[in-house]
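A single chain, nothing else alongside it, follows as structure tokens in the form predicted alone.
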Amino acid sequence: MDQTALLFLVLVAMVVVFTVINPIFFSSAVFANILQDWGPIVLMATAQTLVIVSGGIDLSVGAALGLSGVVSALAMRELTASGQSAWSAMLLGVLVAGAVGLAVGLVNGVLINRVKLVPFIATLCTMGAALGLSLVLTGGTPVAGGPAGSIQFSSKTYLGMFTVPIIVVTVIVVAAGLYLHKTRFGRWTYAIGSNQFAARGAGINVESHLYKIYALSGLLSGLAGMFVYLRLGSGSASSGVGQELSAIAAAVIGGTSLLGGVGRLAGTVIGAFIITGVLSGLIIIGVQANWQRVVIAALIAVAVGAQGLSNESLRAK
């Protein structure tokens, strides 16, 4: 059976189990809440998929989300205070959030390509720096005072569960999937992740391509920060803390190999649904929220273990 189809069956089975335990799980209100949780996670997981397929890792996606949300919140507050319209403020917020995330991604590219740090260490450094800068800018308190209509705009639903931000996120993810699977960019990404030495021999400018990958990762994480702002109505330094784990989990559960060169965005999308669905389901059936990270860690372990068994099976053949 195709892996994406298998993941979809797992997702359906998860819905059935939680619905049997508590029928309220199978409701448009719960699905709408899951979609709101899914939005920022799938953006970061898409970013993580691009990076992992290339043979790297990006631990800074959560911190980039937080910093982008904080800086865009500060910018929108200033614009709102000057009497500008809510639409102008939100447009500025999107541009600022994307720019901040892009800057974090480019710093990652510099550390990897120029300073020659391995991706794990490079992105760990930017994760700490971005989180620290967010705390400096906010003093540890959420930044509110932006456009008054942002929450109403982002919470208005269509068909009982779809919001404009969710629709925009879906379009972005579909575009990213086409870009990864149907263009030269994607072919080069898989080639670098499979064998970087061979990719260089084939004439691929590996350094230039890695800049693009980490820049895209930062950009998507920045847009995730704006999504969270629209949902909460404020920017917080802590909004992305720990979310890099969820993003990695979604990618790995979706079949992206941590060894690089393998992965499909469709699997990542379903993996993000599984992560957010499991967490919401656990809360609905009464499991304490403190267990969430334990569950995510366990899901990563199971997914990586399954990949290892699959690789051993292929080698045995």
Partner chain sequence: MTAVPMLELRGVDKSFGPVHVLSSVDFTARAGEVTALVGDNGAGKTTLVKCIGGIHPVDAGELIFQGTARSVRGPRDAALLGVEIVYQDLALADNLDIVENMFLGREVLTRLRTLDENSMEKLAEQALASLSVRTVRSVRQHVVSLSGGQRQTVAIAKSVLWKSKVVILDEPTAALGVAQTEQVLDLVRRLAGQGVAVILVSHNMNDVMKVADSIGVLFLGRMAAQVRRKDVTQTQVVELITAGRSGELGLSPAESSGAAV
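Treat the numbers as computed from the prediction; the structure is a model and nothing was measured. Numbering follows the first chain given and starts at 1.
In what follows, reference is made to the form predicted together with its partner chain, a form of this protein that is not presented.
- Although the partner is absent from this view, T183 contacts its partner chain in the predicted bound form, with a non-hydrogen atom inside 4.5 angstroms.
- By the criterion of a heavy atom within 4.5 Å, V206 is excluded from the residues contacting its partner chain in the predicted bound form.
- Its partner chain in the predicted bound form comes within 4.5 Å of no heavy atom belonging to G277.
- When its partner chain is considered in the predicted bound form, S194 lines it closely, a heavy atom lying within 4.5 Å.
- Only one of F153, Y190, F162, Y211 comes within 4.5 Å of its partner chain in the predicted bound form through a heavy atom, and that residue is Y190.
- Site annotation in the predicted bound form: the residue of V262, I283, A32, A266 reaching within 4.5 Å of its partner chain with a heavy atom is V262.
- Exactly one of the stretches 214 to 222, 163 to 171, 197 to 205, 95 to 103 approaches its partner chain in the predicted bound form with heavy atoms within 4.5 Å, and it is 197 to 205.
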